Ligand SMILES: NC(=O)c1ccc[n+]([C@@H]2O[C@H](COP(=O)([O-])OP(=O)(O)OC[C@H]3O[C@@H](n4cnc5c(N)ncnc54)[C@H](O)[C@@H]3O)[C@@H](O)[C@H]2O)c1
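Only one chain is shown below, in structure tokens, and it's the form predicted alone.
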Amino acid sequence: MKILVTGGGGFIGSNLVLSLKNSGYEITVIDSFLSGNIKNLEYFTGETIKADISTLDLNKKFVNQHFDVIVHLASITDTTFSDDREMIRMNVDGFKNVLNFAKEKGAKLVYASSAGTYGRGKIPMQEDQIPEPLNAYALSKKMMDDLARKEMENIIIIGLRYFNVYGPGEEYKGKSASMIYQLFQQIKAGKNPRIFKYGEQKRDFIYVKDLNEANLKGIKSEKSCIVNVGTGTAISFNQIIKILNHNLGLNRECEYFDNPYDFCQDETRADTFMAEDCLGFKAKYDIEEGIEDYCSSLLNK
């Protein structure tokens, strides 16, 4: 099976690319490497193309090539990116470009949506509730979902609404890395972990190894759908710090500060019924297991 992965040099993309390559798939990667990092593909031996997916002429680039599946992960993911119009342009135009190419080639399309589309909507978050995006990033993902639904009669499209992803390969992201990674680094450095007042905001954190499995289920699916990819369990930042302290053998106390952003969600928690029903996907790692595995990899670097 031939698979094209856009954004394959990013945190999630590189994890998926290496997993797919190890499973015997023939992979081609496209990445602008503005958000991704070429070092993430150090052990990838397939074709890598440096390009902006929002402007690349895919039909010209791959005039004589066929892809069975396109996995579209390329986008601006930094929710604090200052240019809202450019965020939406790049994310939505990139998706349109890939969607049209998939239709032209008759390829299955698997793409990354986001739990951000739900905003501060009801908990647990269900795929059929009205979207309430709170920032440009979430709005761009909502617009992608709308475009996808219009084409599901023409090709197989699987939208995966990622919840809060963490795991190996995200360290280069800096302030955009998961809070689990950032808090780990603070505690490991002997500092008190800093979080927004008063640490009771909750997130549905999903380990990147589970995300690989969700994408693989999407690649194999013969049914169009847009589904949540989370664990179905929300945990507070205060609890995350306790788990990190335990894994590091420390007891650093929290420092709380005011939240400067007005778009933060109070809680994210996925309803996982549709993912299980449509894709047969269920997360294997609970938060304690995921953090333990992640801490082990970080400490062994």
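Counting begins at 1, following the sequence as shown. Keep in mind that this is a model prediction, so the values were computed, not measured.
Below, we turn to the form predicted in complex with this ligand, even though it does not appear here.
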Checking T48, Q265, N247, S35 against this ligand in the predicted bound form, the residue with a non-hydrogen atom inside 4.5 angstroms turns out to be S35
Per contact check vs this ligand in the predicted bound form (non-hydrogen atom within 4.5 angstroms), the hit among 76-84, 127-135, 192-200, 220-228 is 76-84
Checklist entry - Are any of the heavy atoms in M143 no more than 4.5 Å from a heavy atom of this ligand in the predicted bound form? => result no
>> Is it the case that F281, even though its partner is missing from this view, gets within 4.5 Å of this ligand in the predicted bound form, heavy atoms only?
In response: no
Hey, in the predicted bound form, is I12 touching this ligand, heavy atoms inside 4.5 Å?
yes
How about S54 - does it come within 4.5 Å of this ligand in the predicted bound form, if we only consider non-hydrogen atoms? yes
